[in-house]
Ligand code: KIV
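Coming up is one lone chain in structure tokens, specifically the form predicted alone.
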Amino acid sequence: MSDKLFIFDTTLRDGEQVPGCQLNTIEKIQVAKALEDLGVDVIEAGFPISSPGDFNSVVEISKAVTWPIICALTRGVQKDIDVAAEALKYAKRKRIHTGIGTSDYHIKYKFNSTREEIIERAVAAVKHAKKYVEDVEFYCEDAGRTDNEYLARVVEAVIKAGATVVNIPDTTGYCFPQDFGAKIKYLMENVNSIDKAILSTHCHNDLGMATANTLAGVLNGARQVEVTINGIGERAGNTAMEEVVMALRSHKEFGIDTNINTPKIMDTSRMVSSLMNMPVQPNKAIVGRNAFAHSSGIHQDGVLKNRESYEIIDPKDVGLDENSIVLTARSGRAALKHRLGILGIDLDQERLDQVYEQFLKLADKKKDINDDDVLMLVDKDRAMKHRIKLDYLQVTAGVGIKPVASICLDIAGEKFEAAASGNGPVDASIKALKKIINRQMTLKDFLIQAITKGSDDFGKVHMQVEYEGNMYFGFSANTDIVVASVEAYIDAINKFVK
């Protein structure tokens, strides 16, 4: 059996069916090109008959992408297949993906049909698609709830009719891994001419087992997996591409691998998340922001001594520069010393112990500690080295008065002034700041945090500023929250203005 596993990516079809995640054609082409760079074998570009937009997207993706197979979805209906063939006319390598429901739920309630009639319709659909393309994939919708004996009859019939790939979807995410694996094994052992086609998995995550079911299918003979970036898809989503790929890379004993260029996984994940406005949960496997983060002191010490103590994947393998040692109240001296070292600070043991005690007190008040906090603890104020500094800020505000801010910046020793009005003191101050720093910057995140009590609260401000597609973080602390906000913005600007 082949040790090559084909990656069939349906981010642009099944993934895009999520409410609120629709992409325009330009965005779809952008994702398709990223998938090509990532190394996917098949891109399911859309469902052409469903809308003019989907039809056009399949046409344009076919023109834009070179080596992956471009696939178009249809129902087992002649008109659908005709339209799909037309949409694929510019594809260098093309596939029509047609099919019909095979479970008794679909046969009885969806089609009001019989098992024999469903087989006839399946064969007719494959034969019609075969008139247009050599590469025809057939899906047995709701195969997860189709009894194996009947499913084998359907699979055998469509292979005989010319199907080159047969998709066995767990459409409702119903199966347990052992059951789905056994289903694939049954088909491998009981379908005549199974060697003439590839079995494919298409698992949904309704019970949280999409990846497990997919891997069970692979280990029992499936050689194509239908997946999406970040596991997006209808309802609870589809099998996450990155999980399957990295699981197999981590378990080389199975000898099954893909063409995926794994260092591009993180960038592709972020692109899809951004374009589809679908944030990735922090604890998401492989691509979540906490996937390689360590906050426990025991874990941090182990990772610093040997990464493989607590990491089975090298972060660089998926496109991250390094793991993240997150400083929290559970962190030990080893983690603090490591972070200080990265910041260029070397403390003797006595001074480290003193800073560590201060660190624990601060960590009890904050969820995590950033570099600026660490620098403050050792009396290193990074702002003193900034090229751009706040010289003065004056804000006029009150009931019935539109806030007005006057600001002066010291830029490499030269003074610049500006004034602006805004919806509030902070808005007015930042608008005045932007008049001096004339760049296309976007404030993406703004967090105010008070760490002391009373009328003279010591407020900390964290900002995230986007500039030319990159994110920059700024931080400041002051008893005047407006000043802290402006200084945090300036801190972020100093990281990209040289």
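Computed from a predicted model, the values in this text were never measured in an experiment. We number the residues from 1 along the sequence you see.
Omitted from view is the form predicted in complex with ligand KIV, to which the following refers.
Between the options Pro403, Gly181, Pro169, Gly76, the residue in contact with ligand KIV in the model of the complex by a heavy atom within 4.5 angstroms is Pro169. The partner is absent here; in the model of the complex, the one residue of Asp80, Glu141, Asp373, Glu243 having a heavy atom within 4.5 Å of ligand KIV is Glu141. At a distance threshold of 4.5 angstroms between non-hydrogen atoms, Asp14 is in contact with ligand KIV in the model of the complex. Segments offered: 199 to 207, 270 to 278, 82 to 90, 423 to 431. Contacting ligand KIV in the model of the complex at heavy atom distances within 4.5 Å is 199 to 207.
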